[in-house]
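Before any questions on binding or motion, here is one chain by itself as structure tokens, the form predicted alone.
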């Protein structure tokens, strides 16, 4: 789950990483009330979970004389389609130099990957492509508590020595907060010291409960409903709903849809042993997406009984066409139940997917 900038900075500050002073506001009136907590010149930063907000007009310079009016305009905006509901009003830093610092999970080596560059800001991606040697890297096992001194020297180059301390502090945030990404872009030097001018922290969804987070804000309403029912569910951008049992079978169904030039609307794995009620909830959940025009139910009956699946499909009572492929335990009974209610059944996954793609066309 992505934390907002002010939330990430709050965590960084607890670990000793210097951050600019500021206040979070949820209305322009609130800024007026908190104006005395800010310096003469400050920055208004939209708190939205999207990248590139600066180029999209989400970061504006302001002062005590015009800050309230500028905040009012910013609250009216949408940044890449996301409405601005919170703004971080923060002191304007006198930046001397910018750096880039991030720590992420390197899935190939199963270690922490630290990246550091002598330039930061919005052009870091271009720098990494044009001059890959400008981004220095280091990997280390997560069992190591501190970044070794020799790694810090190789990463920092000629950066101020204070930066080494911040790398270690960010590494502790990364480990102790179960993060998959901790980033400071830019990390800046000023006459008053080194500061995290921006902050990004993404927590592993599987560790939210351990971190005391009760709700994953990154989930859509349907994804939350799927979570309540225990489904593995991901929303996609197509118009063919997909229900399978087992990640491999469900992914294969999605691949076939793509192969036949269709577009899947979702990934939904009901899991093994799904009964009538579970299947019913799965079908209703997928059908609740207004973009879904047809649903493919592709299940193999092992511990899952095909007759239970059939009853669940019928009990869902949805309006979209449902194309079913069942095989395995109680297959004949399941097919008989569906045939009696007029459902379309096909013998193979390929046939079911082809029929769904043709139905959408």
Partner chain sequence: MIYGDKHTGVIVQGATGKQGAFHIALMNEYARQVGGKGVVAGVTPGKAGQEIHGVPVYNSIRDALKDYDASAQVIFVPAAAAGDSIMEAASAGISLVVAITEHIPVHDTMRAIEFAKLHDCAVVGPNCPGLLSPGEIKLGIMPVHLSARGHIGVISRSGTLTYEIVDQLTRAGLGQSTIVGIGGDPVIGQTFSDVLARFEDDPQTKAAVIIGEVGGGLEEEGARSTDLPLVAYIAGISAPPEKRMGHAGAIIEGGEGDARSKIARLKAIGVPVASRPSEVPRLIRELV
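Here the rigid core means the biggest group of C-alpha atoms that line up within 1.5 Å when the two forms are laid on top of each other. Numbering follows the first chain given and starts at 1. In this text, all values refer to a predicted model and were calculated from it rather than measured experimentally.
We do not show the form predicted in complex with its partner chain, though everything after this point is about it.
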| property | result |
| --- | --- |
| Non-hydrogen atom within 4.5 Å of its partner chain in the predicted complex for each of 66, 115 and 119 | no |
| Heavy atom within 4.5 Å of its partner chain in the predicted complex - residue from 100, 195, 75, 174 | 174 |
| Listed residue (130, 146, 255, 261) with a non-hydrogen atom within 4.5 angstroms of its partner chain in the predicted complex | 255 |
| In the predicted complex, residue 206 touching its partner chain (heavy atom, 4.5 Å) | yes |
| Proximity of residue 248 to its partner chain in the predicted complex, heavy atoms at 4.5 Å | yes |
| Contact test in the predicted complex: residue 178 vs its partner chain, heavy atoms, 4.5 Å | yes |
| 4.5 Å heavy atom contact, residue 223 to its partner chain in the predicted complex | yes |
| Location of its partner chain contact in the predicted complex, chosen stretch of 161 to 169, 78 to 86, 137 to 145, 285 to 293 [non-hydrogen atom, 4.5 Å] | 137 to 145 |
| Residues in 18 to 54 close to its partner chain in the predicted complex, defined by a heavy atom within 4.5 Å, in order | none |
| Flag for residue 187, CA shift 2 Å or larger between the shown form and the other one after aligning core | no |
| Per-residue C-alpha change between the shown form and the other one, residue 248, threshold 2 Å, rigid core fit | yes |
| Core fit, then residue 237 C-alpha moves 2 Å or more between the shown form and the other one | yes |
